[in-house]
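Two forms of the same protein chain are encoded below as structure tokens; each is given separately, as structure 1 and structure 2.
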Structure 1
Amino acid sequence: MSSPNKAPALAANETYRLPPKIFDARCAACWFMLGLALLTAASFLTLDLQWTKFLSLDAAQKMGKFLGELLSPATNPAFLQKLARASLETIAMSALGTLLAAMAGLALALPASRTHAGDPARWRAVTRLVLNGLRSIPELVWAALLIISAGLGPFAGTLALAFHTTGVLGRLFAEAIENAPPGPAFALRVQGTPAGRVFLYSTFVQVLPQLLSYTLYRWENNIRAAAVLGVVGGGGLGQMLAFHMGLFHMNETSSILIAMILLVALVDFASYISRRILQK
């Protein structure tokens, strides 16, 4: 549109008062939105999504039956006892896995952190690589791998949680250690105290609250994760769920799902309370 500069008050807006063009070849946001739209479209098109099957009468019936059966959870005492044990197992797996991970994470965080400017930190890069590797493989994949050595059951699940969480906590711990105020450690170091004792008597106390809150947070996450690890054979509620769902024992499945949701709600509540206490 060519705009005659000298024709006043004809157009509603004069040229220089026009808002910038919405579509501009150089407009980064437009390209971004276009790319996003293409990515989404391509995703839907290339996946052979079976909407017809999902929206079919058959699926609706299955789903309806499924939901109907879910409304009547199994409550016979023998099953509930098993369920309670599996829930406890899940909690124990997550607690032990987190504890192991906190210890291993701390052990790895020390070489992974540069505590002061003169610290050569020779192992920093290597340790960080290891931590990243541990972290980027999800718990479930670790469980599937560890089952080969540790066999089916909660032990493999515990180890899987510990491996992944070590990566997560190790990195967070290393950052906490690096960010700790340097004063107390400096005073000890300048006195000729070896690095290990400097950490024990100054940095550790300084970062302890942070380490605890990270660990508690991860524990909370790990309880959720532990609940599903069993699906690949890692013990706990998930193993029971996979078993009963595989056999279409819907009433039992429903009880297990309820137990899972209750467990997660309980954890949410507990972490809320403990955070309140820790903040004091």
Structure 2
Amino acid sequence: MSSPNKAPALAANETYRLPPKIFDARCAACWFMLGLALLTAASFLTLDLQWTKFLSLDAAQKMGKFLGELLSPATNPAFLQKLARASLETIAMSALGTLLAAMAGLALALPASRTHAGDPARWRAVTRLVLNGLRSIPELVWAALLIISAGLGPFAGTLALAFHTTGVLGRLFAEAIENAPPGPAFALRVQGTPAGRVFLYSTFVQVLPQLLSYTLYRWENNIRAAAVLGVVGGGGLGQMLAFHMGLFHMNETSSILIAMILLVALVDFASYISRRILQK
């Protein structure tokens, strides 16, 4: 039978460590964070921040008037009909752009990935360079460039989404292919199965849920991007937004912003349900 005084004796002999210091002179990360904080503080000195004008009574009155107009959206049937067409155009742009990007991204992901240790992957570096170039250019820049050749409208916006998203999905697809479990593919290669069938019946089947998840996620992002591309003439809700904001039509602008929010929420919900179904 244990003594009742044994537990307090053991507790007294235990060594307790004090929590680490917030800043340690030998901590490289601490110096890095301190330097980053100093650079952030110094960057504000270069900005012409006119807080007195921003917090003035005149600015508050103008902001109140602006919010009052923005909180009363336009509801006339003719405008709502145009808004519905623009919303459908935005959905079509994002869906078609994502679909084209998924197909092109998968085609580029194959030469951009090393499927096994003995794979020479001769085109891996070149293809990854192409993917990096595609995704490094934002959608707005792609749209501005493509409008010159494709003209104003949703076609240029769709191509802009497709080009940028091809770079993003291609890189994600290549990483998924390289990280696939090698066992099934190795078993097929040992039996002399051609490389195309090895990919189709082993690697592709394993990574398909991940590829679909990446594609749905990018579709969510492309809905937001498609709503902005109209600012440079890419069609859809963005083009209506740029037009009415330029003319200071706040009632119409409010309706367009509400349509954007509802559209993004709808696509987010549909994508969430689709991912849940794929995970089952």
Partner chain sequence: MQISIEGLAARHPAAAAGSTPALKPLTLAIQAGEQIAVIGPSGAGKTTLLHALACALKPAAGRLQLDGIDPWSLSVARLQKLRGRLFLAPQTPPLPPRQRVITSVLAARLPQQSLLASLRSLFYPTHIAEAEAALARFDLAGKLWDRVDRLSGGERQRVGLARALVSSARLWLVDEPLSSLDPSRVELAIDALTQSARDCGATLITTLHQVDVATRFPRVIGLRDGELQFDLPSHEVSRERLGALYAQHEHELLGAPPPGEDEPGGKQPAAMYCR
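Predicted model, so just to flag it, every value in this text is computed and none were measured. Rigid core here is just the name for the largest C-alpha set that superposes within 1.5 Å across the two forms. Along the sequence of structure 1, residues get numbers from 1 upward.
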{"query": "Panel number for the form predicted alone", "finding": "2"}
{"query": "CA of Ala59, rigid core aligned, shift of 2 Å or more between structures 1 and 2", "finding": "yes"}
{"query": "Core-fitted comparison between structures 1 and 2 - CA shift at Thr46, Å", "finding": "3.5"}
